[in-house]
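This document opens with one chain alone, in structure tokens, the form predicted on its own.
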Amino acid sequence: MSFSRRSFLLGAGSGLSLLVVTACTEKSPVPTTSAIPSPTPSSAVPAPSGIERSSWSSDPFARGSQSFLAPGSTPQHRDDLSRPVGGRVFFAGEATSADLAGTVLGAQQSGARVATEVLGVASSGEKIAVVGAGAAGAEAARALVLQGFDVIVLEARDRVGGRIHTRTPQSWPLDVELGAWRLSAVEDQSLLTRLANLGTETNSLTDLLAVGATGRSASNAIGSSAVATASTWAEAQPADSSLTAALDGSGAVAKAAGASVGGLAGADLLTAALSSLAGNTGANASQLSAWYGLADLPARDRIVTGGFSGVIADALKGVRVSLSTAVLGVSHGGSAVSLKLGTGESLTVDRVVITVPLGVLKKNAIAFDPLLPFTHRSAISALGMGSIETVWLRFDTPFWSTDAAIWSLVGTDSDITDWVNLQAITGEPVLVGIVGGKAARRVAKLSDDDLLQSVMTALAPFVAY
């Protein structure tokens, strides 16, 4: 078995510096510069003038944010899920991408792939239904329309975009991206070029931080080393396990516990690193495959600062889209496909492309008749669906003094430990909290008032005096 692993840093991908503070309220952080804030009561954080939050964990049309490889699952399961069924039912979406799973580019490329598969068996002029108007569905529909097919996109939501969700709240100084918004400067180069051609602005975190940020910078080598040690140990084992089991079995947890950096306990640094990892994968260490769960994680060192949904709207130009139209059932036979719609109607087409998120398939929200082949059902069962949520806070004036774009809390009970400071990039006092895995699901269940109190308490160490 061979796969690549990327060393990661707190709250970011490889290559980034960040501001680190301890969240302990009984003692001040160990300073290396005067810019490190001392812990303060949560009341010192002013109430934000605006708050926006995602809810992918509870979204019935997503049931999570992105797929991941759980213990016992392999990239082969992604390939199995991507296979056409009887030349009538086709599958696309980031979960079917063996190389770029969990990414917008992976979803787009899967849409292009499935369009080629349809082209190989269909006759010109056939009626094709595409279920889902996200990145995969939009790309598949665009390609099929260009090939002369009669295409209709069926979207359960009242908007296009899927897990790309751009909002423009009143009185906010910039767009809010509640879905996908973090990209890789290397892996996503073609997507970044496409966004640039559409006039959609993206910004590099690495470029900003290379200038130098006030505050304390750290790379959390303890956390990175522990995960690398666990992964290497897991490769030598006869069976796959969770990353948690590999961390324990390899001795990486014990080694981290006996170390410290600048007054920060190694155990806390490992916990913080795993929290950041959950914010990238959507899964806790106990849910990730030690063999495959960390393979080829993107760096996520570039962000979209508004208008990401434009790439979906552009792909769907000239394509017929039916919004608020959920597909509840797919009956497929030798000559046609019948779709049962949430509107109570049915639709008969020659072929169908299914691009709904893995979480929807895992919940059996679409009934297939006959049942999908065992390989497909096995893949759906084996693959994991992760949760990543973001909380956007707008302030009238900043309460912090650092110009660091990446913040991370160490040694905290808060669920949200990783933050992006958009003032450092856009000039606007906006903070974005990122949380993944089980913590994301807990955050998603909080009321607006409880969430506000939680984030104000979490941000207290960053108050400047």
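Just so we're clear, the structure is a prediction, and the values are computed from it rather than from any experiment. Numbering starts at 1 and follows the sequence shown.
The discussion below concerns the form predicted in complex with a small molecule, not included here.
Engineer: Work out which of Arg394, Arg163, Arg142, Arg88 lies within 4.5 Å of the small molecule in the model of the complex, going by heavy atoms.
Structural biologist: The residue from Arg394, Arg163, Arg142, Arg88 that makes the contact is Arg163.
Engineer: Heavy atom within 4.5 Å of the small molecule in the model of the complex: which of Val327, Val176, Ala185, Leu297?
Structural biologist: Going through each option in turn, the one that passes is Val327.
Engineer: Using a 4.5 Å heavy atom cut-off, state whether Ile366 contacts the small molecule in the model of the complex.
Structural biologist: Yes, Ile366 sits close enough to the small molecule in the model of the complex that at least one of its heavy atoms falls within 4.5 Å.
Engineer: Spell out, yes or no, whether the shortest heavy atom distance between Phe149 and the small molecule in the model of the complex is within 4.5 Å.
Structural biologist: It does not: once the small molecule is placed as it appears in the model of the complex, Phe149 has no heavy atom within 4.5 Å of it.
Engineer: So, in the model of the complex, is Val360 in contact with the small molecule at a 4.5 angstroms heavy atom limit?
Structural biologist: Contact check for Val360: yes, within 4.5 Å of the small molecule in the model of the complex.
Engineer: Is there a heavy atom of Leu316 no more than 4.5 Å from a heavy atom of the small molecule in the model of the complex?
Structural biologist: No, Leu316 is distant from the partner.
Engineer: Looking at heavy atoms inside 4.5 Å, which stretch does the small molecule contact in the model of the complex, given the options 74 to 82, 270 to 278, 351 to 359, 241 to 249?
Structural biologist: Of the stretches listed, the one contacting the partner is 351 to 359.
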